[in-house]
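Before any questions on binding or motion, here is one chain by itself as structure tokens, the form predicted alone.
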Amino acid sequence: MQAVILAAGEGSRLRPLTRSKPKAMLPVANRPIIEYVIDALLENGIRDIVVVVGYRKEEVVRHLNRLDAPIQVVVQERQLGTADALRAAEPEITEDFLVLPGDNYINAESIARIKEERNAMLVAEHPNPSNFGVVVIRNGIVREIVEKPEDAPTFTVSTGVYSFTPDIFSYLQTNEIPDAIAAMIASGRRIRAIPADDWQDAVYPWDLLKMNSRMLRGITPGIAGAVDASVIRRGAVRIGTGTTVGPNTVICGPVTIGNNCTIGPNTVIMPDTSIGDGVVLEPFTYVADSLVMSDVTIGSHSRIVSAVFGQGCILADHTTTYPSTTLLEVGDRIQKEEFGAVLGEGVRAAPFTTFKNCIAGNSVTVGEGKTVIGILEDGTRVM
């Protein structure tokens, strides 16, 4: 069986994290999201894989070339929609095939449920269905898809995972796959609804924390770096090569720490935390329930909770992220969310900075002793 992974989109609702890389390449538990999709396919014996790339395609292609999997890459020249991306893969399709988003997590069991079906859709229950295509089902058959409705008729949503026969291409008359599904239903074709076993999507940046927590449950413990004998480790902990962990540090898994990091001494890393390559945690710093990307420096005596830090942030001593619940205007929606902070790439913060339920864009600079709340655009200076 063949599979087409759609990885051409930006993921605009995850800005600022997707300004410089596509959503499929965002690291979760220190692995790009697309890797989990590929692994699930390989576990099902599906090795004829086509990946459609577009936005920041060079980064995706470089990464795919490093994987031990036979992957064919095709390019969507303009990011017009999911159906347009699928059309780019049409010359490579010779048999029944799966379509999967490259920026959602899906497990192998879910793929096993749908791969033998012809013309089917993987569905899941979601507490916020209005962010997705809402699916109306009768007797196991899809009757209708309503895209991102304000008042959703059900909590059942499309995961974006489909099983198609090659004649789907005759129904791709617009740029979106749900329109093709609607055309198939109108012509009398039956689309089966198959419940997913496990599926995760990150619609907004803070959703990455939940996905990170889920992916950390699957890490393989292992210590490749230099860990001081006084370090206390509990649960599943993975530490990469070239990383040093200083005396009197406490790490409670699940936690993954990348390569060439400097941790501590006297730091505390609590569960559901992933730390990328080249990160520095200075002494007496506490990190919990956070996703820290590569080349970040966090100064001493800092307290980081429920935070997503983009690559290359440099945060001075006594930095705090303060989780609280607030209303955020994101696009045309008002979201009520609780998290500490989302920082884009290259954020600089002086000592005694507090980020409270804040989204700071790329290259934001914050002066000493400031409390930052709400949304800061790229390049903002808070002095």
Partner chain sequence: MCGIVGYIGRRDATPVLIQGLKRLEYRGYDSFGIATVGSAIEVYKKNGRISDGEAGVVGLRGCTGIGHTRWATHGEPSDLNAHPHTDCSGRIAVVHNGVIENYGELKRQLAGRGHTFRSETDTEVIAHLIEEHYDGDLLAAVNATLPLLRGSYAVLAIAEDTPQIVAARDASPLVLGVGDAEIFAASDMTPLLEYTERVIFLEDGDVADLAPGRYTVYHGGQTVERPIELINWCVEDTRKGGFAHYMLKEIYEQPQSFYETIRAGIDEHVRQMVMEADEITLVACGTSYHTALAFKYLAEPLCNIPVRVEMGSEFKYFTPPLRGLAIAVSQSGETADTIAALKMAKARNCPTLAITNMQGSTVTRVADETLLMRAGPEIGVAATKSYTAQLAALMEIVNLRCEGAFDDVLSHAHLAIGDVLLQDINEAVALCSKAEHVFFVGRGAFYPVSMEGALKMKEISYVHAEGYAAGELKHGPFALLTPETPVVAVCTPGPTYGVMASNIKEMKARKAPVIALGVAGDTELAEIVDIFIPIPNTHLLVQVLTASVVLQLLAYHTACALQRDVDKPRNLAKSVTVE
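Numbering follows the first chain given and starts at 1. All figures in this text were calculated on a predicted structure; none of them were measured in a lab.
Only in words, not in the display: the form predicted together with the partner chain, which the text now covers.
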Option from 213-221, 130-138, 308-316, 185-193 whose residues, in the predicted complex, bring a heavy atom within 4.5 Å of the partner chain: 308-316
Partner contact for R19 in the predicted complex: the partner chain, 4.5 angstroms, heavy atom: yes
Residue contact check: D201 to the partner chain in the predicted complex, 4.5 Å heavy atom: no
Partner contact for P283 in the predicted complex: the partner chain, 4.5 angstroms, heavy atom: no
4.5 angstroms heavy atom contact with the partner chain in the predicted complex for R31: no
The partner chain: the contacting residue among N260, N175, N248, S300 in the predicted complex [heavy atom, 4.5 Å]: N260
One residue of L42, L328, A350, V61 in contact with the partner chain, assessed in the predicted complex (non-hydrogen atom, 4.5 angstroms): V61
Residues of stretch 50-86 in contact with the partner chain in the predicted complex (4.5 Å, non-hydrogen atom): R56, E58, V61, R62, N65, R66, V73
